[in-house]
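Next up: a single chain in structure tokens, the form predicted on its own.
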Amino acid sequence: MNRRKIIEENIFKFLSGFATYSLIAILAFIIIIIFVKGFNSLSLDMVIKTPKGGYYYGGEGGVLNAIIGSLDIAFGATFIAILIGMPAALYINVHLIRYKRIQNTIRYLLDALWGIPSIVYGAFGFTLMLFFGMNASLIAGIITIALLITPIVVRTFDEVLSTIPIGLYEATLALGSTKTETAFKIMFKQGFSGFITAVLLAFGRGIGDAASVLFTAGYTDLIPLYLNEPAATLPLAIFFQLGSPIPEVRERAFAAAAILTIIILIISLTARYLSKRYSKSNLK
């Protein structure tokens, strides 16, 4: 290796390392700021109590309504996205494996859907609500978020499935398996870790989005008991509290942001653990 190649190698190594550690530093900085600013207001009451009278003016209470609403919407939307997205990704990589042009067209459309701003999905969901005569409700928020995150599930899982050697697909067919058996018994198992990643990305996007649920899920200080009732979410709770002129209420917004961050970290670690455990048992 001559001197010029060594210099180039060192330059790109430095740039790659700088970019990696910069991202880690930015993430750490964001988390530290959230927890430092919300530390004084972060308490058990924030988690186990709903807002009381005058909460948004510094009164007592917590954001339990927003926590429950966020989890209901995120889990419901992720469940719908899995029901649609998993078979779609398997269909693209099993039944359309010989039709590259159709595969590429579908992937292009899914990428376009992934890139559409969430406020557009919110406007579309609001239009559907008006068409069907629905009010802002939990089910409207779930459907809108499901539309938002389904392309994420499909494309992320699809990328993993596309890396599975085609020889494995051909071998299963040669042994007499149907395409459906190949999809769910072979391809799905081989790409399970990627499926977990897809679900994790979708859940994180769903629970953290505010624009899609602003006009579809509504907002309430109560915990929704039925699908046709409005539901509060943590992103909207953070948004409303940050707009308050009262410093104590703004601190609560950072506390709510810390709670949202903790929820996402717990879901992420749980999903990673399950993915690794399943992969290890699969190798045995």
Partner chain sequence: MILRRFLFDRITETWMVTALVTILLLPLIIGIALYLKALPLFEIQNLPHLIGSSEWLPTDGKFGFWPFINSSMYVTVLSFIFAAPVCLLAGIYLTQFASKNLVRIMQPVMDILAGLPSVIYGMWGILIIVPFVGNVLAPFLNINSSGYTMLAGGIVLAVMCIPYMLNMLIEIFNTVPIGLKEASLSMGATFWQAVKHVVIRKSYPGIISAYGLGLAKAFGETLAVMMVVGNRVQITHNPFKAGYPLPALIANNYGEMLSIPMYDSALMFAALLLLVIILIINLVFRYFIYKTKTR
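The shown structure was predicted, so the numbers you read here are calculated from the model rather than taken from an experiment. Numbering follows the first chain given and starts at 1. Whichever C-alpha set is largest while still superposing within 1.5 Å between the two forms counts as the rigid core.
What comes next is about the form predicted together with its partner chain, which does not appear here.
Exactly one listed residue, out of 186, 97, 211, 71, brings a non-hydrogen atom to within 4.5 Å of its partner chain in the model of the complex: 211. Of the heavy atoms in residue 226, none are within 4.5 Å of its partner chain in the model of the complex. Proximity of residue 202 to its partner chain in the model of the complex: non-hydrogen atoms within 4.5 Å are absent; the residue sits far from the partner. In the model of the complex, at least one heavy atom of residue 113 sits within 4.5 Å of its partner chain. Taking the partner from elsewhere, residue 169 is found to have every heavy atom lying beyond 4.5 Å of its partner chain in the model of the complex. Although its partner chain is not shown here, in the model of the complex the stretch 29 to 52 places heavy atoms of 29, 30, 31, 33, 34, 37 within 4.5 Å of it, in sequence order.
Core-superposed comparison between the shown form and the other one: the Cα of residue 68 travels less than 2 Å. A decrease of at least 3 Å in the separation of the C-alpha atoms of residue 270 and residue 159 is found in the model of the complex, compared with the displayed form. Between residue 197 and residue 24, the Cα distance is greater in the model of the complex than in this structure, by no less than 3 angstroms.
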